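Okay, so here's just one chain, in structure tokens, the form predicted on its own.
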Amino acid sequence: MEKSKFYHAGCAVCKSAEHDIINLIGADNVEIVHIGNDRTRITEAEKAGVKSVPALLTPNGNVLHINFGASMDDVKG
């Protein structure tokens, strides 16, 4: 089974959501993508439909925007 991807930028809202996601679906079922540290993944996230972080991309391509930490424009700086 393909993993979900959890995109975040490292803010307090994102880190809190990361812990909740891991607790809900398990660390083995999600790839954590810190786009604040790995800026090369921003384009990937945007192509998948991520508009703000934190966001969870499900294996079937749905993007679940969780709370609101920062828009992708804010992340890109």
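Heads up: residue numbers just count along the shown sequence, starting at 1. Computed from a predicted model, the values in this text were never measured in an experiment.
Just so you know, the form predicted in complex with a further copy of the same chain exists too; it's not on screen, but the next bit is about it.
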Check L56 for me: does it contact a further copy of the same chain in the predicted bound form (non-hydrogen atoms, 4.5 angstroms)?
yes
I66 near a further copy of the same chain in the predicted bound form, any heavy atom under 4.5 Å?
yes
With the partner left out here, check for me: in the predicted bound form, does some heavy atom of C11 sit within 4.5 Å of a further copy of the same chain?
no
Taking heavy atoms and a 4.5 Å limit, what residues of 19-41 are near a further copy of the same chain in the predicted bound form?
D20, I21, N23, L24, I25
